[in-house]
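Here you get one chain, nothing else, as structure tokens; it is the form predicted alone.
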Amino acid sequence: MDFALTEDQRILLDSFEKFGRKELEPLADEYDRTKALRDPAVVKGLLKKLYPFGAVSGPIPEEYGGLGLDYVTTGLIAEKLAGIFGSLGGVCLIQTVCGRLITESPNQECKKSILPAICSGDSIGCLCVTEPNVGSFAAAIETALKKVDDGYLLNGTKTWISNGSISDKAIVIATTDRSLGAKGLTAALVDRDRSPYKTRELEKMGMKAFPTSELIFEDTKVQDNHLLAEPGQGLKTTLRTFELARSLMAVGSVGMSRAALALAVRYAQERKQFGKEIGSFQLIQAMISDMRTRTDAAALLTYRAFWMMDQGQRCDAQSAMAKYYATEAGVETASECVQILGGYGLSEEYPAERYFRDARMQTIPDGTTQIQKLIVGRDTLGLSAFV
């Protein structure tokens, strides 16, 4: 594996860094307080600005409106964005994941008619897996898809759905027959304009600007040609999607860690106590050393998973390792940033408290730390701890 960036990657990252610092960084704290990303018009405006950098649809083939970037480059952009504005990074993560799922679907009509708008940001997508009674055990999904003469009817409730309230399209993992368990699962695409569904925003401790919602489907119509996976293939589709989602979650945490580290370093170089910079104190240097080492270790695990995707390899265990290590590392690093800043770390005048709240959010979505450890354990031992 070559750790050097290509010339194209350097140019893209430099360009995005300049754009992000000028256009996005000034918005982050204000939008976090006002929860501005719950307005689809605001989000679509930002997505259009982010599109040329690959933050919205980087790995999607150009024929469907994406940029055709490799996964490592996609991760590099996602890392930068998360370090600047975590909530916006979350919105883009979901767009990318939805685009990848549609890309890998055998449904050619949806690829041609729906995917370009997802890629451009004209249409906002969400992926609906979690339910009030179903978390990590997707085979127990209760949301039902029933065949009728002119399509399907969808009934059920999904919760903690990112981008849910602002979505134009919902990809819903549902069952055609609960008695079949995982073999009854499919993926249905719901067009909100043609088949409205209700949403309710869910408040949370971090990434406050990032829309996270409950979605309610009541006899919601799904067109015959809007199945993205045949019955029995829904779980496989979900697991393939999780590889990318977990890697993007991990790299988002790397970005947050780097931002927290940079803030702590600046503060430690400038703040003076007892007549000298606090960065010269041994305990502060030990914390900074831990923060940097932890962040680099998280990055190495994460980019290995992206590299494996670029090689066409499955990376269930590797993306799980990256997700659980990087997100937990993000929490520790952001916490130490707060500690180094002292009282200012608790103040909303500095972004340290936002970094901590946002980082703490990352350990739970797309499979908790504990679930990731069970995936790694299963891959290592050849024995499953799952039911």
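Quantities reported herein were computed from a predicted structural model and do not represent experimental measurements. Counting begins at 1, following the sequence as shown.
Another form exists, predicted in complex with a small molecule; not displayed. Remarks below refer to it.
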- prompt: Would Ile364 count as touching the small molecule in the predicted complex under a 4.5 Å heavy atom rule?
  reply: yes
task: Mark Gln9 yes when one of its heavy atoms lies within 4.5 Å of a heavy atom of the small molecule in the predicted complex, and no otherwise.
output: no
message: With the partner left out here, check for me: in the predicted complex, does some heavy atom of Ile124 sit within 4.5 Å of the small molecule?
response: no
field: the small molecule contact in the predicted complex: Gly135, any heavy atom under 4.5 Å
entry: yes
- prompt: So which stretch, 127 to 135, 70 to 78, 250 to 258, 221 to 229, is the one near the small molecule in the predicted complex (non-hydrogen atoms, 4.5 Å)?
  reply: 127 to 135
query: What is the one choice in Ser87, Ser105, Ser162, Thr175 with a heavy atom within 4.5 Å of the small molecule in the predicted complex?
result: Ser162
query: Pick from Lys204, Lys276, Lys236, Arg266: which has a non-hydrogen atom within 4.5 Å of the small molecule in the predicted complex?
result: Lys204
- prompt: Is the small molecule close enough to Thr212, Gln370 and Leu374 in the predicted complex that each of the three has a heavy atom within 4.5 Å of it?
  reply: yes
